[in-house]
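Take a look at this single chain in structure tokens; it is the form predicted alone.
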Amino acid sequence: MSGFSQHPIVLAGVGGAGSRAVRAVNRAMGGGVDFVMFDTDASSGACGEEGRFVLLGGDRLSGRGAGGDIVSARMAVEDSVSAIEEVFAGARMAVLIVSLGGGTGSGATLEILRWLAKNGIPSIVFATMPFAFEGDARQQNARGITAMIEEAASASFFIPLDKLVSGIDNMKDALERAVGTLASAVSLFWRLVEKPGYIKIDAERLRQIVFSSGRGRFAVARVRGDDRASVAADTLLADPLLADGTFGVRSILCGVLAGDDLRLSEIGTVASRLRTAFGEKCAFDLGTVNDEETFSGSLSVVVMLFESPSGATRGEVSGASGGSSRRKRAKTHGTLQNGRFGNSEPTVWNGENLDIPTYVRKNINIDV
């Protein structure tokens, strides 16, 4: 892509669901996105579409998949380091899409993120969480890996599928909603640089924003009509994905996408409503996209909120440079009532007691 010839952004799908998602993002952008698919299952590469495919753990797993085993998926990445180095050579930022709950999505994503952090490449993760009907095992698998993914990534979005498709019962329609919403959020990074409008955020500025973002939430609204800016703001503020926050908001990234009819007053309305709702003092970055062919007559707004678990400002949370920001984990007082930790104070993150995590029960080795 010409827009990233000097500062490339690589889009990567991890696992079967992640691979399908990056193809959808590429289609939403009209093709031309630099994307790659990582999977332990060789069938993910048999799509006949644009994009690169990397089979993880080929000799170890013979392309049959990880079978839901996170340890096998992590080892498969270790077997494929040279291929990962080739994919991300020269990258300035990486965007990963993954569905948590299985083996490859959970295990391989963590190891790829750690490689990116070690090599100073900031990373953004969009991770979907399993539907409730998928069962406790997949739910626990997904929840058990989120804290480690968040620690390794520069920015992370954990998206409950139940909320992403809230109000839709038809399976086909639900999947289309999920893919469309995810594609709109992910493709924002490319659109802001490729087709900037009145207000530009270039690739290097995006990279700096991502360095210290942490955990986030996002929502998308696309509307038409005379009062479309107000309607878009109302839609965003009512979205369950945006309201599902544990902590306060420390920074906002907003993209306003429209055709040639975009008005400055509309940009002002969207910005004012968001800042009023989430805090006038938090950091605020806004960029516009001018794309008459895609957005003629409509107004799309993508908003990303980044949380502040300790009340720190953007500069206080992240180091000066490098892919992985080290964020303090929230603690609550009290003692663990069972297990071998006895009277020690538990470490709790988003309601999960990390002193008895899933990865211990699954015998996953953790690099500290």
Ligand SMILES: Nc1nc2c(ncn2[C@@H]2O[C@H](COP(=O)(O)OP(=O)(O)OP(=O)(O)O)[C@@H](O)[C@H]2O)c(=O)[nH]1
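Numbers for residues come from their place in the sequence shown, where the first is 1. Just so you know, these numbers come straight off a predicted model, no measurement behind them.
Absent from the display: the form predicted in complex with the named molecule. The rest refers to it.
Student: Quick one: of S213, S187, S123, S99, which gets a non-hydrogen atom within 4.5 angstroms of the named molecule in the model of the complex?
Tutor: Here the answer is residue option S99.
Student: Exactly one of R217, R207, R138, R114 has a non-hydrogen atom within 4.5 Å of the named molecule in the model of the complex; which residue is it?
Tutor: Checked against the cut-off, the match is R138.
Student: Based on heavy atom distances of at most 4.5 Å to the named molecule in the model of the complex, which listed stretch, 99-107, 190-198, 144-152, 224-232, is the contact stretch?
Tutor: After filtering at 4.5 Å, what remains is 99-107.
Student: Should G67 be classed as touching the named molecule in the model of the complex when contacts are defined as heavy atoms within 4.5 Å?
Tutor: Flag for G67 set to yes.
Student: Indicate whether the named molecule has at least one heavy atom within 4.5 Å of a heavy atom of P130 in the model of the complex.
Tutor: So P130 counts as contacting the named molecule.
Student: Look up in the model of the complex whether E134 has a non-hydrogen atom within 4.5 angstroms of the named molecule, and give yes or no.
Tutor: Yes - in the model of the complex, heavy atoms of E134 and the named molecule come within 4.5 Å of each other.
Student: Would G13 count as touching the named molecule in the model of the complex under a 4.5 Å heavy atom rule?
Tutor: Taking the distances in the model of the complex, the answer for G13 is no, it never comes within 4.5 Å of the named molecule.
Student: Can you name the residues of 147-185 that have a heavy atom within 4.5 Å of the named molecule in the model of the complex?
Tutor: The stretch 147-185, when checked against the named molecule in the model of the complex, contributes L161, L175, A178, V179 at the 4.5 Å heavy-atom cut-off.
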